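A single chain comes next, written as structure tokens; it is the form predicted on its own.
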Amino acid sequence: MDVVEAYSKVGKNGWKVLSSIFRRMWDFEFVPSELIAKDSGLPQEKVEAILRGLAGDRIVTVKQLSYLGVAFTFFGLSLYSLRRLVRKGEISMIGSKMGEGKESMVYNAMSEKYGEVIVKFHRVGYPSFKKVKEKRDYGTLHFTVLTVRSARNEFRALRKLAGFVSVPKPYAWEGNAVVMELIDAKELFKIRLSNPRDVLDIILDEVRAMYSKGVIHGDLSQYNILVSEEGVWIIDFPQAIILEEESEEYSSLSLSELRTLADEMLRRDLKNILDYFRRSYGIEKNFEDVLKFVTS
């Protein structure tokens, strides 16, 4: 079942139950069914029947603890995030799946506000997110909370950079979903450049511009740089560091520790790009000279 089919299958009471799970998942790894019944105004027996149906469609996971608890699956969180986007008028039609990886699932979509867009559904993929543990009354936070934070982090980074750095325009964020501009271009690793030195210089200019805005990509490589005859775009910012803003992803770090981490991530980003152009095109650049250019 895809998101379109599932969207049409969830009824009014089903959405009430999912809304309660989303509201309560910040406090419980598995949300007690008693609280869902209280929030939704539905009888306990009705809630449990709805939960069984949602679990059968892979929208939620039900777990018997000292209470009956429930949590979103990645598919369920994506479905509910889409629902929020639709109800807020950000998306009018969801299209076909454009791609799927370890960290995200991407659909094309139509928006009455923005025209043709993409909707990127985040999922936890980076070790730095998987290791986050926060104690609550019923244990640690569920991974879906970290996934929402990942989407929010990307949206904040794109919003800070848009108009200044060549990145997709961010339009909306709900749950684990980010709505952004559709870029008609291909990943760097999929094409053979006729002007690789020029493209490398453009990429380094963009990294320098990001650095000047206090943003470190943190996972830059040939897989998240798009290239076309019109230009170069940098995408995928779920673990970006935004030095001038508080970030829950790195809230355990002091400012000095965060800057040290940002420096390490910047060095890794630059090494990835320089290594790729050296291997693929035989282009050699002195790393320290490039680092000095980016940070000057």
Ligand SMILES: Nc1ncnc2c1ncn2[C@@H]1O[C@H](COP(=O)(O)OP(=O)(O)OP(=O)(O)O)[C@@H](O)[C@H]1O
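Note that residue numbering follows the sequence shown and begins at 1. Bear in mind the structure is a predicted one, so any value in this text is a computation, not a measurement.
Omitted from view is the form predicted in complex with the named molecule, to which the following refers.
Checklist entry - Would V232 count as touching the named molecule in the predicted complex under a 4.5 Å heavy atom rule? => result No, V232 is distant from the partner.
Item to check | Contact of P170 with the named molecule in the predicted complex (heavy atom, 4.5 Å) | outcome: Although the named molecule is absent here, P170 would stay clear of it in the predicted complex, with no heavy atoms inside 4.5 Å.
Next on the checklist: Can you work out whether R87 and the named molecule are in contact in the predicted complex, taking contact to mean some heavy atom pair no more than 4.5 Å apart?
Outcome noted: No.
Checklist entry - Is there a non-hydrogen atom of R192 within 4.5 angstroms of a non-hydrogen atom of the named molecule in the predicted complex? => result Because no heavy atom of R192 falls inside 4.5 Å of the named molecule in the predicted complex, the answer is no.
Item to check | Contact at V215, L255 and T260 by the named molecule in the predicted complex, all three, heavy atom at most 4.5 Å | outcome: Negative, none of the three is within 4.5 Å.
Item to check | Listed range touching the named molecule, judged in the predicted complex by heavy atoms within 4.5 Å, from 87-95, 71-79, 100-108, 200-208 | outcome: That would be 100-108.
Next on the checklist: For the stretch 173-194, I need every residue with any heavy atom inside 4.5 Å of the named molecule in the predicted complex, listed N to C.
Outcome noted: Counting only heavy atoms within 4.5 Å of the named molecule in the predicted complex, the contacting residues of 173-194 are M180, E181, L182, I183, E187.
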